[in-house]
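Before any questions on how it binds or moves, here is one chain, the form predicted on its own, in structure tokens.
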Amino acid sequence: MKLKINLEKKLGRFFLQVDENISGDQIGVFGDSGCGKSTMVNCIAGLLTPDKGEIWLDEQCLFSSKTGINISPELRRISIVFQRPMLFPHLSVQSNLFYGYNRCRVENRRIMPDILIDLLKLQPLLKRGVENLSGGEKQRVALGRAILASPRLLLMDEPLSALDNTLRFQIIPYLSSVSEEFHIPYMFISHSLTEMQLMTKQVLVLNNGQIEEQDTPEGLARNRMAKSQNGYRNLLRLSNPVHQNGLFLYRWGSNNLLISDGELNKEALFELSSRDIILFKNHPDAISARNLLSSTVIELFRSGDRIGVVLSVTGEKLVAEIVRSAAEELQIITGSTTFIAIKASSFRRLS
């Protein structure tokens, strides 16, 4: 997908000015509330008309103030999933799903409804009214409706922000699998760095109505490590734990991790802050932390006044965070061996 955006839009005192060429299939738009994310998305979709500029999707001009081109939203073949599902309350789940499909030209239909319904696990919900669905179910239906319209581009405008943490991270695998299964490029809009790490390969950072930078999710996480309340967020997807001394024992590559929060026979996504990883130069005699692992330093990077230490734990990667004086005292350099300690309670279960 290639997207060229050169537009200006004024809304009251707010002024959006974007001039960017974007290519890729999993694009993130990151920024605080009020920075212009939704305004930009609505201009791309045709729900807002820019005051000036051009918008191109692949080889087609969607809008041009010079030539007067302004293709209507329904002809742009761009689907949007909003923060709230915005389902039709008088229609069943099945009728909501097929709304976009039935309006799509036959020659443009490339999504098999049965495959999508199975992928999103919607079969048991088809005959139900949308008012009888949970928040997560409604968002899955909204996603299915958008995909069945066979869009050239899927815009997701903070689709998880109205959900609690448990539902939010249950929905993310559905979003990812749908895009991969049907090869639909998307722009994922959010102010959550964790969502950027899980959902995108390239990120546009929007600030005060302008694109401040383009980066990878990894680069974004590293750059913001020092300023973030949680430091760098290590994300670990683990499965099949067993009970051990009141804790849950997970396999992580060839390593064992003891975690205080878990659920038997269930896969789970955990977040571990870089600030909860304690480094030792030598093997400690005794510690209260239940996880003690040997690691190799494979990279160092700076973020503000902090040092990020990228560690390889028998092939699995973690990022720890220390101050410069600690790095000097521990003689941490690329290639050195260090021991890491992590409390069982430091792992935060996201799903």
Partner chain sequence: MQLTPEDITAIWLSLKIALTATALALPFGFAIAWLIVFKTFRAKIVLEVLINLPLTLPPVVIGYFLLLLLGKNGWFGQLLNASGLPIIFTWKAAVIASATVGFPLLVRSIRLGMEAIDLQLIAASRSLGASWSDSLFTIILPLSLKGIIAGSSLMFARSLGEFGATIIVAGNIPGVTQTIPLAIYDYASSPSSGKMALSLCMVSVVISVVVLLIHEVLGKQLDRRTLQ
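All values reported here derive from a predicted model rather than from experimental measurement. Residue numbers count along the first chain shown, from 1.
Another form, the form predicted in complex with its partner chain, is not on view; read the next lines as being about it.
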Interface membership of E263, its partner chain in the predicted bound form, 4.5 Å heavy atom rule: no
Residue-level question: is S190 within 4.5 Å of its partner chain in the predicted bound form, judged on heavy atoms? no
Would you check, heavy atoms only and a 4.5 Å threshold, whether P73 touches its partner chain in the predicted bound form? yes
I'd like to know whether S79 contacts its partner chain in the predicted bound form, with contact meaning heavy atoms within 4.5 angstroms. yes
Note: exactly one of L206, L257, A146, L175 sits with a heavy atom within 4.5 Å of its partner chain in the predicted bound form, namely A146
Name the single residue among Q229, S239, N245, N132 that comes within 4.5 Å of its partner chain in the predicted bound form, judging by heavy atoms. N132
The stretch from 197 to 205, 106 to 114, 146 to 154, 159 to 167 that lies within 4.5 Å of its partner chain in the predicted bound form, judged by heavy atoms, is 146 to 154
Go through 89 to 126 residue by residue and record those having a heavy atom within 4.5 Å of its partner chain in the predicted bound form; state none if no residue qualifies. P89, H90, Y99, G100, R103
